[in-house]
Every structure is written in C-alpha cells, then in structure tokens.
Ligand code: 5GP
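Listed next as structure tokens is one chain, alone, in the form predicted alone.
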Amino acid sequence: MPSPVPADLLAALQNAQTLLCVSHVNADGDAYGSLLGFTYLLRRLGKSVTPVMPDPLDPEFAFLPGAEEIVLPTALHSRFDLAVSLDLSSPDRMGSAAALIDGARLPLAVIDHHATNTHFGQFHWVDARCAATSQMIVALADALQVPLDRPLAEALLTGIVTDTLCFRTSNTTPAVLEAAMRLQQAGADLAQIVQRTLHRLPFRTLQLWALVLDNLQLREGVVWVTVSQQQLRTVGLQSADLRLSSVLSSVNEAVISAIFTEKQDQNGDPTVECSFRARPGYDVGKVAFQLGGGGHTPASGCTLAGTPDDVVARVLPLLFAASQPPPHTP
C-alpha cells in the first residue's frame, strides 16, 4: 500500500479552492492518468482545478475523460491558491509551467513515485514503492473519502497499466494489482486501455525507428541510438516514441539502453533529452541523478545542454560503468 497521505498536504488540498495541477514534459500514460485523475477527484469535492501540460496533448491519450480540458502554460490567466505537481521528480520537468508557478509565488504540493525526487515545493508525498503516481491517487481518493467511479478509474488504470507495461515490470507488487482490481471494479476497461496504449503504434513511429535504428550501436553492454530533429521532422513527430525504449531494452547483448534525442531550450540553444533503461540488477537511476535528472533504478532520464555528439561522449562512460556486473561477494 502507498504511504499515508501527509497531513499537511491533505490539509492544503482541502483548504485550497482554485488549484493548478501540472505534470511533466513528454508526458506518458502515468503523467496523463495522474493529472486527469487528480483533476476529476478534486472537482468531485467542489474545487476549481485546471490541468496543465507543458506540451500539446498527445493524441494517444485523447480518449481519456477530460483530456480536452488540458491547457498549455501560455493559456493560464486565472489566479490560484495552490499548485500541484504530479509524477515529476524535479521542477525543470514542468517546463515553462515552473516559471509561471514561481512567478505567481504559488505554494507547491508534490505527489510523485520517483526515488530520485528532489523534494522541491512546500508539501511532499513521495513514495517510491508505488509503481505509478496514479496508484497514489487511488490512495488519495480513499483519504478524501471520494468513491471510485468510471471516469476516475479509467484515468488511473491507464497510468498504472502504462507505467508497469501491463503489470510486467519488477515493481508490480500485490498492492499494485489490488489497486488495479479496484479500478476495474469501478468501471475501467483493462482490455480497452491496453489496446489503446500498449497495443497501438502509429505508422510514422515505425518510420522513425527505420531511420534511427540504422545508426544503432552496441558496446560494453550498452545499446544506444541518437535521434535528430531532422529525423523527427521527416516523419512528422515532435519527440521519439518512448516505445523505442522497450525495443532497445530487449536486446540480448545489452543490460542498459539509451536514447539521445536532439532538442533546443527556450533560447534556441542545443540540448539533448536522454532516456535510459536497465535490466534487473543494474541501476540507471543513479546515472540520471548524477546528471541532474531523475527516475527509477530501471528507467530514468535527464536533459543536458550541448550537441548530441557532446552529450553522448559525456554520458556513455557513466553508462559503461553502470553496465558492469556487481562485484561477486563470496
């Protein structure tokens, strides 16, 4: 079970009337699930809640109830009592929403399941034992005495399913399965969620794979690719599809995989988004944290300044060191 909701955070949520909630850049299913689940949950209590994403809505998650209400930070003009960050371990993952929250001097509550969370903000509920932030929102609903129903359950089960790859990750505990069972009993359709998220793939994603896998490299137990902006523009994508991570992490000869995606910051300077995956027994969370990012032991990431060549040269030695077998203890 998740740890109890801290009393100060619970009081902050109960006392606030107008809330801004935000999740992370390049949002995944748990980002959308926890954001929309939290929004729906607090609205059930009569609160005014505005869901925010740093990037435009991913069409893959447009089926979720309330997804059409998500706004960009540039569209915000209202005043808020409280900001809530969901499923992100450091404020830079909020993109431009971070500056907006700082500028408005909003108190910030953090709800997250990443072990590398930096405990930013004024209120914290971080539980790395949970497989997804959406799992924590199930416990929050219990703490606020709000019964689970279909719209809430559909959002939260989507977060759990996508973050556990349909209950296949090593952190899928009995508590995760119990939360998923409760969400199904509340009306969420597991088969439909799996079909709409894990079992669908846009053709242009395969086109991108065809381009980037031509430069696939493997050395010292690490497999990696670099994704350029030109390749993304060629196929009409904004970012590399995360399911490429699952493909690379299945390579027999590798224990760690990495994707380096060329980006730009708000000033137009070159940056690289790094996404890491590791097999059980290996830790890429420490690598990401060392580079200023975050995540979990088997899955983490960071964004670094520089060109792809510079960043790859900087990061690979850390990944090579992380790919070495742990020393044998007699």
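None of the values given here were measured: they were computed from a predicted structure. Heads up: residue numbers just count along the shown sequence, starting at 1.
What comes next is about the form predicted in complex with the named molecule, which is not displayed.
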According to a 4.5 angstroms non-hydrogen atom cut-off, is Cys302 in contact with the named molecule in the model of the complex?
yes
Would Ser275 show up as a contact with the named molecule in the model of the complex if we use heavy atoms at 4.5 Å?
yes
Counting only non-hydrogen atoms and a 4.5 angstroms cut-off, does Thr133 reach the named molecule in the model of the complex?
no
Heavy atom to heavy atom, is Thr197 within 4.5 Å of the named molecule in the model of the complex?
no
Contact stretch among 287-295, 52-60, 39-47, 261-269 - heavy atom within 4.5 Å of the named molecule in the model of the complex:
287-295
Just give me the residues of 111-135, first to last, that have a heavy atom within 4.5 Å of the named molecule in the model of the complex.
His114
